[in-house]
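This document starts with one chain, in the form predicted alone, laid out as C-alpha cells.
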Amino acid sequence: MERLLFLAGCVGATMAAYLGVRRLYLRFNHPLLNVVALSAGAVIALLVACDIPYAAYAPAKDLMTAPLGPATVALAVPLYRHRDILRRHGPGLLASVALGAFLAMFSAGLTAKAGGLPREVVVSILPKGVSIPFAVEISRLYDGVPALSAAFVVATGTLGSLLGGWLLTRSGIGHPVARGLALGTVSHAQGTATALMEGERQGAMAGLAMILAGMLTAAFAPLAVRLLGLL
C-alpha cells in the first residue's frame, strides 16, 4: 500500500508541475515558460528536496511514459483533419522538410568539425534534430556514441521548444503551417508539443515534419558523412 501511495504521489506531483507550468505558459505566452524544461526542473527540485533517488521515482516515470506510443499515433488525428493542406502543398512540404533536415544535420556536423571535436563526437551530433530512436541508430551505423547522440537530441529539443517559437515570431514567421514545419523539423517531439500548444494546425504540421525529418535524416546521413569527410 505504501508503495502504491508513493507511486501515486510521484505521478500526481509530476502532473501538477506540468499543468501548473502549462497554465502559466498559456496565460503569459512567454518563451522562457517552457513546459517541458520548467516542469522537469520542478520535479527534479522536489526529488532533491525530499531526498528521493531517481531509482525510486523511475517506476512512476515508466507509468507515465507508457502511453507515448498511442499518443504519437494520435498525432495523425489533427493531420487527418488538415489533410487538405497535404493535397494542395504536398511536394512543397516534403521539399521544405528535406532541406531543413539536411541543413540541420550538415551545419551541426560542420560546426563540430570546425571546432576540432573528435570524429565520434561529430558523428554523434549529426542526428541531433530527430527523435532518439532514429538518432541512436544513425549514430551507431557510423561509429558514433549513441548515448551522446541521445543527449544532443534532448538538448536540441529543449532549446528548440524554448526558443523556437520566439525566434520564428521575431523573424516575422507567423503562418501556422510554416511554424509547425519548422518546430517539428528541428526540435522533433518537444517542438511538436510546443506547436500543438500554439494550435491544431501547427501541431499537425509539426507531427508530419517530425516523422519526415526522422526518415530523411536517416536517408541523408551517408551523404552528410561523406561530405564532411568522416568516412
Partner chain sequence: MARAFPSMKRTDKWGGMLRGVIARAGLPGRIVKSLGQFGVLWGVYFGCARLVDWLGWPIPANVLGVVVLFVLLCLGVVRLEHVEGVADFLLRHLVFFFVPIAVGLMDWGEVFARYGAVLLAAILVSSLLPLLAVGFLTLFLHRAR
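Worth saying up front: this structure is predicted, and the values here are computed from it rather than measured. Basically, rigid core = biggest C-alpha set you can superpose within 1.5 Å across the two forms. Residue numbers count along the first chain shown, from 1.
One more form of this protein exists, namely the form predicted in complex with its partner chain; it is left out here, but the text below deals with it.
Highlighted residues V36, L148 and L159: every one comes within 4.5 Å of its partner chain in the model of the complex, counting any heavy atom. Taking the partner from the other structure, its partner chain in the model of the complex has no heavy atom within 4.5 Å of any heavy atom of A193. Interface residue remark: F28 is not counted as part of the site for its partner chain in the model of the complex, having no heavy atom within 4.5 Å. Proximity of A204 to its partner chain in the model of the complex falls outside the 4.5 Å heavy atom cutoff. For the chain shown alone, I138 is a contact residue for its partner chain in the model of the complex, at least one non-hydrogen atom being within 4.5 angstroms.
Applying a 4.5 Å heavy atom cutoff to its partner chain in the model of the complex picks out L103, A104, S107, A108, T111, A112, G115, G116, L117, P118, E120, V121, I125 from 101 to 126, in order along the sequence. After superposition on the rigid core, the Cα atom of L167 is displaced by less than 2 Å between the shown form and the other one.
In a rigid-core overlay of the protein, H89 has its C-alpha displaced by at least 2 Å between the shown form and the other one. In the model of the complex, the Cα atoms of A37 and V154 sit 3 Å or more nearer to each other than they do here. In the model of the complex, the separation between the C-alpha atoms of Y54 and G160 grows by 3 Å or more relative to the displayed form.
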